[in-house]
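The chain below stands alone and is given as structure tokens, in the form predicted alone.
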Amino acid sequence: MARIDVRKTYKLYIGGAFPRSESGHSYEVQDSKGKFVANAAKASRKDVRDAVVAARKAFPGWSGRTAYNRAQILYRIAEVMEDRRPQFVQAVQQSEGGSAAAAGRQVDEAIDRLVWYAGWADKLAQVVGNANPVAGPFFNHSAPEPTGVVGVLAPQSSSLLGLVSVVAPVIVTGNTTVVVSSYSRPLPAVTFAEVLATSDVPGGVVNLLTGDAASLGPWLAAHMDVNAIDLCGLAGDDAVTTELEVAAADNLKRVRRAPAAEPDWTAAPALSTMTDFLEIKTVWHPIGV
């Protein structure tokens, strides 16, 4: 008797759990040759709200952890990805086409990128913080603090390396996030969510939604409990980008603007990928008291 395949049900990742979309809707995911691969959950406005609630709930605990501990957890994500490397290679190759070797290089770069950001966790404060010279009998110190809940519209073409490149700098600095994955290439992202669920990342720190960034983006940008938004997933779409920037201005969100074209994600990341979502707190204290 022929064995029946056990087909995988791809879901959202919210608050450390894998719910179906509240809307009950899904959409077809095709591989690079146009062949049906799976149905992915199509997130709704309610799913965005649930994800923001989960991210806000997780923020005090995550931001309160030591930078060293956050580094350990990011390194643990890299470890689990290394163990599941063949699965990621298959997902990237299905999504983007090309050879297994090219997909393998992207997976390796994504893992190395996580390790790179993990190494910055307990060093960033020394680089961007400062003891400021002031005229008067005071100590004056500036130190970075996480912004809060960050919405991320992930890159559309670089399904894994681009995703890791925008998520890692947000969480390593103590923020929590709601991420909208690539619409046409969500499989590496949902596989990444499974890694997050099994690698010591507290539930709610990263919440991953599959669906259309142009539809989910306005709800995320206008949400009053989102403190910042990264629009890199809308590179080249000036009309939607402008709409989201206007929505974000309602509660003075930090906005990482979309570039004119999608960046080269294989290039070394800049320090600004982390500092874009940090606040600087300055403390004055009298000398001798």
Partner chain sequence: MNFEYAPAPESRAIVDIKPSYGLFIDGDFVDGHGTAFKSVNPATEETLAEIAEADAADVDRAVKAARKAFRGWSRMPGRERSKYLYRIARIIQERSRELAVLESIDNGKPIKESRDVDVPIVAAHFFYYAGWADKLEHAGLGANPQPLGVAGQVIPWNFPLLMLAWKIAPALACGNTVVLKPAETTPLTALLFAEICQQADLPNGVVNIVTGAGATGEALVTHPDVDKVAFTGSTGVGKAIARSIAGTDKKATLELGGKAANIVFDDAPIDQAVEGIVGGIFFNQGHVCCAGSRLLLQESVAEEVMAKLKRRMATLRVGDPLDKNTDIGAINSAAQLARIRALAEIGEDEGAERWSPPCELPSAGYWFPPTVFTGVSQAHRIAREEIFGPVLSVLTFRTPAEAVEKANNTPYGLSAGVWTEKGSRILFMADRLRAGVVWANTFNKFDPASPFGGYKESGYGREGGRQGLSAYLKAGA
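Numbering follows the first chain given and starts at 1. Because the structure is predicted, anything quoted here is derived from the model rather than measured.
Only in words, not in the display: the form predicted together with the partner chain, which the text now covers.
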Query raised in the report: Which one, 47-55, 66-74, 24-32, 241-249, holds residues whose non-hydrogen atoms are within 4.5 Å of the partner chain in the predicted complex?
Result: 241-249
**Report entry** Heavy atom within 4.5 Å of the partner chain in the predicted complex - residue from 112, 82, 200, 145
**Finding:** 145
Report task. Please run the contact check for residue 253 against the partner chain in the predicted complex: heavy atoms, 4.5 angstroms, yes or no? Result -> yes
**Report entry** Any non-hydrogen atom of residue 129 within 4.5 angstroms of the partner chain in the predicted complex
**Finding:** yes
**Report entry** Proximity of residue 101 to the partner chain in the predicted complex, heavy atoms at 4.5 Å
**Finding:** no
Requested in this report: Consider residue 116 of the chain shown here, and say whether it contacts the partner chain in the predicted complex, taking contact as heavy atoms within 4.5 Å.
Outcome: no
Requested in this report: Please state whether all three residues 134, 257 and 280 have a non-hydrogen atom within 4.5 angstroms of the partner chain in the predicted complex.
Outcome: yes
Report summary line: Applying a 4.5 angstroms cut-off on non-hydrogen atoms, the residues of 52-80 near the partner chain in the predicted complex are 59
